[in-house]
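Coming up is one lone chain in C-alpha coordinates, specifically the form predicted alone.
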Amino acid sequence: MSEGYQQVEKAILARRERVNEALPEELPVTRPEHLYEATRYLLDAGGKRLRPTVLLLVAESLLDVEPLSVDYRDFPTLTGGQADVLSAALAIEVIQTFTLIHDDIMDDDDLRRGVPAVHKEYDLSTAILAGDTLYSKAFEFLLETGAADDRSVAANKRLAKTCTRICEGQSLDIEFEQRDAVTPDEYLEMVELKTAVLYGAAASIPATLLGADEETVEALYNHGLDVGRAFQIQDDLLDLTTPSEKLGKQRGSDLVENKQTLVTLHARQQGVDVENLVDTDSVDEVSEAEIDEAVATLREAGSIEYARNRAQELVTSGKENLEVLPDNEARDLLDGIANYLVEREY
(Lines give C-alpha, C1' and ligand atoms only; values in the text may rest on other atoms or scores of the structure.)
Protein backbone atom coordinates (compact mmCIF):
# COMPACT_ATOMS: atom_id res chain seq x y z
CA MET A 1 0.00 0.00 0.00
CA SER A 2 1.48 3.37 -1.03
CA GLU A 3 2.11 6.19 1.43
CA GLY A 4 -0.42 8.39 -0.40
CA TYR A 5 -3.07 5.69 -0.15
CA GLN A 6 -2.40 5.36 3.59
CA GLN A 7 -2.78 9.12 4.04
CA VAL A 8 -6.13 9.05 2.26
CA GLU A 9 -7.41 6.18 4.40
CA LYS A 10 -6.19 7.99 7.52
CA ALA A 11 -8.02 11.16 6.44
CA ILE A 12 -11.23 9.22 5.81
CA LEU A 13 -10.96 7.42 9.15
CA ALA A 14 -10.42 10.65 11.10
CA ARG A 15 -13.48 12.33 9.60
CA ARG A 16 -15.56 9.16 9.89
CA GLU A 17 -14.85 9.25 13.62
CA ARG A 18 -16.10 12.85 13.83
CA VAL A 19 -19.29 11.93 11.99
CA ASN A 20 -19.82 8.77 14.04
CA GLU A 21 -19.35 10.69 17.30
CA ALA A 22 -21.96 13.26 16.25
CA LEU A 23 -24.63 10.81 15.11
CA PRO A 24 -25.89 9.67 18.56
CA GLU A 25 -26.13 13.31 19.63
CA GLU A 26 -27.99 14.49 16.53
CA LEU A 27 -30.01 11.33 15.94
CA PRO A 28 -30.72 9.85 19.39
CA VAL A 29 -32.91 6.80 19.96
CA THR A 30 -36.03 8.40 21.45
CA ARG A 31 -39.72 7.55 21.40
CA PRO A 32 -40.88 5.71 19.43
CA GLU A 33 -37.75 3.65 20.08
CA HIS A 34 -38.54 1.03 17.43
CA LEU A 35 -38.52 3.69 14.71
CA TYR A 36 -35.32 5.39 15.83
CA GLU A 37 -33.51 2.09 16.37
CA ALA A 38 -34.34 1.23 12.74
CA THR A 39 -33.31 4.72 11.66
CA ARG A 40 -29.90 4.33 13.31
CA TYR A 41 -29.47 0.64 12.43
CA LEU A 42 -27.68 1.01 9.10
CA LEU A 43 -25.73 4.06 10.23
CA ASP A 44 -24.43 2.09 13.22
CA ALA A 45 -23.59 -0.89 10.99
CA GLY A 46 -20.69 1.01 9.43
CA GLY A 47 -19.98 2.80 6.20
CA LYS A 48 -16.91 4.65 4.99
CA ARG A 49 -18.50 8.15 5.29
CA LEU A 50 -16.84 9.10 2.00
CA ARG A 51 -19.30 11.83 1.10
CA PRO A 52 -19.10 13.69 4.43
CA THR A 53 -15.32 13.33 4.26
CA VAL A 54 -15.35 15.06 0.87
CA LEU A 55 -17.55 17.83 2.31
CA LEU A 56 -15.28 18.46 5.29
CA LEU A 57 -12.09 18.42 3.19
CA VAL A 58 -13.58 20.90 0.71
CA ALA A 59 -14.30 23.24 3.63
CA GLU A 60 -10.74 22.89 4.92
CA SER A 61 -9.25 23.49 1.50
CA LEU A 62 -11.43 26.52 0.77
CA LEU A 63 -10.37 28.21 4.01
CA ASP A 64 -6.78 27.07 3.47
CA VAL A 65 -6.50 25.66 6.98
CA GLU A 66 -4.51 22.69 8.18
CA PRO A 67 -6.70 19.57 8.11
CA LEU A 68 -8.40 18.78 11.44
CA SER A 69 -7.09 22.01 12.99
CA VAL A 70 -10.42 23.85 13.15
CA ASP A 71 -13.64 22.89 14.97
CA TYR A 72 -16.11 21.75 12.31
CA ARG A 73 -18.98 22.98 14.48
CA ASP A 74 -17.59 26.52 14.48
CA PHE A 75 -15.91 26.73 11.10
CA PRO A 76 -14.87 30.15 9.70
CA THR A 77 -16.47 31.34 6.47
CA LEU A 78 -14.80 33.19 3.62
CA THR A 79 -16.66 36.40 4.49
CA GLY A 80 -16.45 36.39 8.28
CA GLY A 81 -18.58 34.54 10.80
CA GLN A 82 -18.88 30.80 11.30
CA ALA A 83 -20.85 27.83 10.01
CA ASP A 84 -21.39 24.31 11.36
CA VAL A 85 -20.07 22.22 8.48
CA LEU A 86 -20.34 19.02 10.53
CA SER A 87 -24.14 19.36 10.46
CA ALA A 88 -23.92 19.65 6.68
CA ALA A 89 -21.78 16.51 6.56
CA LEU A 90 -24.36 14.65 8.67
CA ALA A 91 -27.09 15.78 6.28
CA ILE A 92 -25.24 14.24 3.35
CA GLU A 93 -24.61 10.96 5.20
CA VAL A 94 -28.21 10.47 6.33
CA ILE A 95 -29.47 11.15 2.80
CA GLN A 96 -27.07 8.46 1.57
CA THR A 97 -28.42 6.04 4.19
CA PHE A 98 -32.02 6.90 3.29
CA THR A 99 -31.31 5.95 -0.33
CA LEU A 100 -29.71 2.66 0.70
CA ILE A 101 -32.70 1.63 2.82
CA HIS A 102 -35.18 2.31 0.04
CA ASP A 103 -32.89 0.80 -2.61
CA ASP A 104 -32.70 -2.44 -0.61
CA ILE A 105 -36.49 -2.48 -0.33
CA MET A 106 -36.97 -2.06 -4.07
CA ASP A 107 -34.38 -4.72 -4.89
CA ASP A 108 -35.44 -6.94 -1.96
CA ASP A 109 -31.76 -7.33 -1.03
CA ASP A 110 -30.98 -9.37 2.08
CA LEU A 111 -27.69 -7.79 3.15
CA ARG A 112 -26.18 -4.35 3.47
CA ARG A 113 -22.81 -3.63 5.07
CA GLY A 114 -22.59 -7.23 6.17
CA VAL A 115 -25.81 -7.18 8.20
CA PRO A 116 -29.45 -7.88 7.28
CA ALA A 117 -31.05 -5.04 5.33
CA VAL A 118 -33.32 -2.81 7.42
CA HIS A 119 -36.51 -4.29 5.97
CA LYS A 120 -35.22 -7.77 6.81
CA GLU A 121 -34.04 -6.92 10.35
CA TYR A 122 -37.28 -5.06 11.16
CA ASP A 123 -40.14 -5.08 8.67
CA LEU A 124 -41.10 -3.35 5.45
CA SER A 125 -43.25 -0.63 7.01
CA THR A 126 -40.64 0.25 9.63
CA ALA A 127 -37.91 0.38 6.98
CA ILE A 128 -39.94 2.79 4.85
CA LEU A 129 -40.55 5.01 7.88
CA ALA A 130 -36.87 4.86 8.87
CA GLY A 131 -35.85 6.01 5.40
CA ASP A 132 -38.43 8.80 5.44
CA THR A 133 -37.22 9.92 8.87
CA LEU A 134 -33.63 10.14 7.66
CA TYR A 135 -34.75 12.12 4.63
CA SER A 136 -36.50 14.66 6.85
CA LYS A 137 -33.65 14.84 9.36
CA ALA A 138 -31.18 15.73 6.62
CA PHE A 139 -32.93 19.02 5.97
CA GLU A 140 -33.17 19.72 9.69
CA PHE A 141 -29.42 19.27 9.98
CA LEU A 142 -28.69 21.46 6.96
CA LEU A 143 -30.90 24.21 8.39
CA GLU A 144 -28.85 24.18 11.61
CA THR A 145 -25.48 25.22 10.17
CA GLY A 146 -25.81 28.86 11.23
CA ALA A 147 -24.78 30.04 7.76
CA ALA A 148 -26.22 33.24 6.32
CA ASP A 149 -29.87 32.84 5.35
CA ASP A 150 -29.30 33.13 1.59
CA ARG A 151 -26.54 30.53 1.70
CA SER A 152 -28.61 28.20 3.84
CA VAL A 153 -31.51 28.43 1.39
CA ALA A 154 -29.19 27.79 -1.57
CA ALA A 155 -27.65 24.75 0.15
CA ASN A 156 -31.06 23.30 0.99
CA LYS A 157 -32.23 23.92 -2.57
CA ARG A 158 -29.19 22.00 -3.83
CA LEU A 159 -29.94 19.08 -1.49
CA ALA A 160 -33.65 19.05 -2.43
CA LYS A 161 -32.83 18.97 -6.15
CA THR A 162 -30.28 16.25 -5.46
CA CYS A 163 -32.92 14.07 -3.82
CA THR A 164 -35.27 14.55 -6.76
CA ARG A 165 -32.53 13.54 -9.18
CA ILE A 166 -31.66 10.47 -7.12
CA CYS A 167 -35.27 9.33 -7.47
CA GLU A 168 -35.14 9.98 -11.21
CA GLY A 169 -31.98 7.91 -11.45
CA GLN A 170 -33.48 5.07 -9.45
CA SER A 171 -36.52 5.09 -11.74
CA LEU A 172 -34.27 4.87 -14.81
CA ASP A 173 -32.33 2.03 -13.20
CA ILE A 174 -35.57 0.07 -12.76
CA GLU A 175 -36.68 0.92 -16.31
CA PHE A 176 -33.36 -0.27 -17.76
CA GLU A 177 -33.85 -3.72 -16.22
CA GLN A 178 -36.79 -4.22 -18.59
CA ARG A 179 -35.00 -2.92 -21.70
CA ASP A 180 -32.73 -4.82 -24.04
CA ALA A 181 -31.13 -1.76 -25.63
CA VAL A 182 -29.48 0.75 -23.32
CA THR A 183 -26.57 2.86 -24.52
CA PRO A 184 -23.46 3.68 -22.47
CA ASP A 185 -24.51 7.35 -22.53
CA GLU A 186 -27.90 6.45 -21.07
CA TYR A 187 -26.18 4.40 -18.39
CA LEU A 188 -23.88 7.28 -17.47
CA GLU A 189 -26.88 9.62 -17.27
CA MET A 190 -28.61 7.18 -14.92
CA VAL A 191 -25.47 6.86 -12.77
CA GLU A 192 -25.10 10.64 -12.63
CA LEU A 193 -28.65 10.95 -11.31
CA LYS A 194 -28.70 7.95 -8.99
CA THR A 195 -25.24 8.22 -7.46
CA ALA A 196 -23.06 11.08 -8.64
CA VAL A 197 -25.35 13.99 -7.75
CA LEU A 198 -24.90 13.27 -4.03
CA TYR A 199 -21.12 13.52 -4.46
CA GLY A 200 -21.77 16.77 -6.33
CA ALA A 201 -23.82 18.03 -3.39
CA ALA A 202 -21.16 16.94 -0.90
CA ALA A 203 -18.45 18.84 -2.77
CA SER A 204 -20.46 22.00 -3.54
CA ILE A 205 -22.62 22.56 -0.44
CA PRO A 206 -19.70 23.57 1.82
CA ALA A 207 -18.61 26.10 -0.81
CA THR A 208 -22.11 27.57 -0.79
CA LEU A 209 -22.32 27.70 3.01
CA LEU A 210 -18.89 29.28 3.36
CA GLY A 211 -19.50 32.00 0.77
CA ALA A 212 -17.47 30.87 -2.27
CA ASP A 213 -18.27 32.40 -5.66
CA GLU A 214 -20.56 30.61 -8.11
CA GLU A 215 -17.71 29.53 -10.39
CA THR A 216 -16.08 27.69 -7.49
CA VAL A 217 -19.37 26.14 -6.39
CA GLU A 218 -20.11 24.79 -9.86
CA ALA A 219 -16.58 23.50 -10.43
CA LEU A 220 -16.80 21.55 -7.18
CA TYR A 221 -20.23 20.24 -8.13
CA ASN A 222 -18.82 19.01 -11.44
CA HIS A 223 -15.92 17.42 -9.57
CA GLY A 224 -18.46 15.47 -7.53
CA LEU A 225 -20.38 14.41 -10.63
CA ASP A 226 -17.30 13.00 -12.30
CA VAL A 227 -15.86 11.15 -9.31
CA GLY A 228 -19.36 10.00 -8.34
CA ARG A 229 -19.87 8.36 -11.71
CA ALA A 230 -16.45 6.76 -11.41
CA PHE A 231 -17.41 5.53 -7.93
CA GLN A 232 -20.52 3.81 -9.30
CA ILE A 233 -18.63 2.17 -12.14
CA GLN A 234 -16.15 0.84 -9.59
CA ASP A 235 -19.08 -0.35 -7.43
CA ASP A 236 -20.40 -2.28 -10.44
CA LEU A 237 -16.98 -3.85 -10.94
CA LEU A 238 -16.68 -4.75 -7.25
CA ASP A 239 -20.07 -6.46 -7.42
CA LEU A 240 -18.47 -8.88 -9.86
CA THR A 241 -14.97 -9.22 -8.45
CA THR A 242 -15.06 -8.85 -4.65
CA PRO A 243 -15.92 -11.83 -2.39
CA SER A 244 -19.38 -11.66 -0.83
CA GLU A 245 -18.08 -11.56 2.75
CA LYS A 246 -15.90 -8.54 1.94
CA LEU A 247 -18.56 -6.87 -0.18
CA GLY A 248 -21.23 -7.19 2.51
CA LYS A 249 -23.78 -8.65 0.08
CA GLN A 250 -24.01 -11.46 -2.46
CA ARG A 251 -21.37 -11.08 -5.18
CA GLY A 252 -22.86 -10.89 -8.67
CA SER A 253 -26.28 -9.74 -7.47
CA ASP A 254 -26.43 -7.01 -10.15
CA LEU A 255 -25.80 -9.62 -12.84
CA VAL A 256 -28.43 -11.99 -11.46
CA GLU A 257 -30.99 -9.16 -11.29
CA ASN A 258 -30.18 -8.12 -14.89
CA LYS A 259 -29.07 -4.63 -13.87
CA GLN A 260 -27.58 -2.63 -16.71
CA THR A 261 -23.97 -1.64 -16.05
CA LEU A 262 -21.18 -0.30 -18.21
CA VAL A 263 -19.64 -3.79 -18.05
CA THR A 264 -22.71 -5.61 -19.38
CA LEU A 265 -23.50 -2.92 -21.95
CA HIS A 266 -20.01 -3.24 -23.41
CA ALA A 267 -20.20 -7.04 -23.29
CA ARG A 268 -23.48 -7.04 -25.18
CA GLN A 269 -21.87 -4.89 -27.88
CA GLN A 270 -19.17 -7.58 -28.14
CA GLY A 271 -21.81 -10.25 -28.74
CA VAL A 272 -21.98 -11.71 -25.24
CA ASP A 273 -25.36 -13.22 -24.26
CA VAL A 274 -25.51 -11.23 -21.04
CA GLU A 275 -28.99 -12.36 -20.01
CA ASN A 276 -27.87 -16.00 -19.87
CA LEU A 277 -24.52 -15.57 -18.17
CA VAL A 278 -26.06 -17.01 -14.99
CA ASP A 279 -28.78 -19.65 -14.99
CA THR A 280 -30.97 -18.21 -12.25
CA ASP A 281 -32.90 -15.06 -11.44
CA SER A 282 -32.55 -15.51 -7.68
CA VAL A 283 -29.64 -14.04 -5.74
CA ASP A 284 -30.17 -16.73 -3.09
CA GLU A 285 -29.68 -19.54 -5.62
CA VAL A 286 -26.68 -18.35 -7.62
CA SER A 287 -23.41 -20.20 -6.99
CA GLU A 288 -19.93 -18.75 -6.73
CA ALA A 289 -18.87 -21.01 -9.62
CA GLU A 290 -21.54 -19.48 -11.87
CA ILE A 291 -20.37 -15.97 -11.00
CA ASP A 292 -16.74 -16.94 -11.60
CA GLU A 293 -17.61 -18.27 -15.04
CA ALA A 294 -19.64 -15.19 -15.91
CA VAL A 295 -16.85 -12.84 -14.82
CA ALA A 296 -14.34 -14.83 -16.91
CA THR A 297 -16.57 -14.33 -19.97
CA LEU A 298 -16.87 -10.60 -19.30
CA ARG A 299 -13.11 -10.34 -18.82
CA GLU A 300 -12.43 -12.14 -22.09
CA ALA A 301 -14.74 -9.71 -23.90
CA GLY A 302 -12.65 -6.81 -22.59
CA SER A 303 -15.62 -5.43 -20.69
CA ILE A 304 -13.98 -5.35 -17.25
CA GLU A 305 -11.01 -3.41 -18.62
CA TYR A 306 -13.30 -1.08 -20.59
CA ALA A 307 -15.23 -0.10 -17.46
CA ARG A 308 -12.05 0.40 -15.44
CA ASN A 309 -10.60 2.67 -18.10
CA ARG A 310 -13.80 4.74 -18.27
CA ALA A 311 -13.82 5.17 -14.49
CA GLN A 312 -10.22 6.36 -14.59
CA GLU A 313 -11.04 8.90 -17.32
CA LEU A 314 -13.81 10.33 -15.15
CA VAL A 315 -11.50 10.59 -12.14
CA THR A 316 -8.93 12.45 -14.22
CA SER A 317 -11.62 14.87 -15.40
CA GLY A 318 -12.96 15.29 -11.89
CA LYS A 319 -9.58 16.12 -10.42
CA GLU A 320 -9.11 18.97 -12.91
CA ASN A 321 -12.06 20.74 -11.27
CA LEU A 322 -10.21 20.82 -7.95
CA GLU A 323 -7.95 23.52 -9.38
CA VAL A 324 -10.47 26.14 -8.13
CA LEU A 325 -9.30 25.30 -4.60
CA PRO A 326 -6.14 26.66 -2.97
CA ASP A 327 -3.09 24.43 -3.37
CA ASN A 328 -2.93 22.85 0.08
CA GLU A 329 -2.95 19.57 1.97
CA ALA A 330 -6.75 19.26 2.01
CA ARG A 331 -6.88 19.60 -1.79
CA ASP A 332 -4.18 16.96 -2.10
CA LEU A 333 -6.30 14.64 0.04
CA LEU A 334 -9.35 15.29 -2.17
CA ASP A 335 -7.20 14.40 -5.16
CA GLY A 336 -6.17 11.21 -3.38
CA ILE A 337 -9.77 10.33 -2.52
CA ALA A 338 -10.69 10.62 -6.20
CA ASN A 339 -8.04 8.00 -6.95
CA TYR A 340 -9.18 5.91 -3.98
CA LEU A 341 -12.72 5.74 -5.35
CA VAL A 342 -11.55 3.68 -8.33
CA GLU A 343 -8.79 1.76 -6.56
CA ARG A 344 -10.71 0.54 -3.49
CA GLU A 345 -11.43 -3.16 -3.13
CA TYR A 346 -14.83 -2.90 -1.38
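A quick note: this is a predicted structure, and the numbers were derived from the prediction, not measured. One-based numbering along the sequence shown.
One more form of this protein should be noted, the form predicted in complex with another copy of the chain, which is absent from this view; the next part is about it.
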Inset, instruction - Work out which of 79, 269, 171, 276 lies within 4.5 Å of another copy of the chain in the predicted bound form, going by heavy atoms. - result: 171
Legend entry - Contact assignment for another copy of the chain in the predicted bound form, among 238, 115, 129, 188, heavy atom within 4.5 Å: 129
Inset, instruction - Using heavy atoms and a 4.5 Å cut-off, decide whether 181, 242 and 251 all contact another copy of the chain in the predicted bound form. - result: no
Inset, instruction - May I ask you to check whether residue 161 falls inside a 4.5 Å heavy atom distance of another copy of the chain in the predicted bound form? - result: yes
Legend entry - Proximity of residue 157 to another copy of the chain in the predicted bound form, heavy atoms at 4.5 Å: yes
Inset, instruction - May I ask you to check whether residue 120 falls inside a 4.5 Å heavy atom distance of another copy of the chain in the predicted bound form? - result: no
Inset, instruction - Please check if residue 73 has a heavy atom lying within 4.5 Å of any heavy atom of another copy of the chain in the predicted bound form. - result: no
Inset, instruction - Pick the stretch from 308-316, 62-70, 287-295, 28-36 whose residues have a heavy atom within 4.5 Å of another copy of the chain in the predicted bound form. - result: 28-36
Legend entry - Partner contacts for 195-212, taking another copy of the chain in the predicted bound form and a 4.5 Å heavy atom cut-off: none
